[in-house]
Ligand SMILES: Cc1cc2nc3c(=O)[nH]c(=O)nc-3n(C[C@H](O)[C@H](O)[C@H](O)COP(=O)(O)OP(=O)(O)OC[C@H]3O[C@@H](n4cnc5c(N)ncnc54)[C@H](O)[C@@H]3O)c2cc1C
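Below sits a lone chain in structure tokens, taken as the form predicted alone.
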């Protein structure tokens, strides 16, 4: 059996929940569907930064609970499922592994997936020293040396959290140049147990879990002893279900216009899945508001 809605939001992170609340509050029947449940990666964050509209100290789970209550209070329906395909027609058909839904409009808000290094043996160390979540796995490495791969806002925030309990935290930035005017970076580099290094990770070593990371710095290679490696490089969106219905940038994120339209009729994208997004909670919320308002405008009457 197929269940019909006015709009379906794929992804229940900040952008998705914000969009769903706006659409539902506008009187439309809206489904917000996510493969894991509400919150996305935000559920793993501690105190949020760059969120001037939120009370100081608001955590990721706190904000998720507020956004979920807002969306459900507005009348949005929530579902758990992994979208397998998105098909156009007189209405859009959204197919999960077990259910089929239709809607006049669709908003893609799937965010970004886990980081990748793109090196041999990467999969072998998953859960054996290689991680993607400081809040989840950081306590496992209390007092131990760890490394963070990445230089975007997410990576730096995770490094700050890890540095609170780790013996030493080494941040490998790749080719990125850090903005020293960013207060987050100034705070990170002021910590006595943090080192920020340009370089590239070439390999992972260890017989019983991760023991060291092979690092290339300008042609000089060295094995850096670490017990945990937190990877935030090459994070890509989960949008295979959209096929060639959308155009993507070099990072496979969806290109949109100023109203979050993704090219096809009544198809929108919002949040970190959008090309050009800066991966901040505030911008994801702004994207969700624009997308939700665009759907209301398009479906009005």
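None of the values given here were measured: they were computed from a predicted structure. Positions refer to the first chain, counted from 1.
What comes next is about the form predicted in complex with the ligand, which does not appear here.
- The shortest heavy atom separation between residue 35 and the ligand in the predicted complex is within 4.5 Å.
- The shortest heavy atom separation between residue 268 and the ligand in the predicted complex exceeds 4.5 Å.
- Put simply, residue 82 is close to the ligand in the predicted complex: some heavy atom of it is within 4.5 Å.
- Residue contact check for residue 280: one or more of its heavy atoms lie within 4.5 Å of the ligand in the predicted complex.
- Taking 103, 112, 194, 151 one by one, only a single residue has any non-hydrogen atom within 4.5 Å of the ligand in the predicted complex, and it is 112.
- Put simply, of 42, 28, 246, 31 only one has a heavy atom within 4.5 Å of the ligand in the predicted complex, and it is 42.
- None of 151-159, 68-76, 194-202, 212-220 except one has non-hydrogen atoms within 4.5 angstroms of the ligand in the predicted complex; the exception is 151-159.
- Of the residues in 210-242, those that come within 4.5 Å of the ligand in the predicted complex through at least one heavy atom are, in sequence order, 232, 235, 241.
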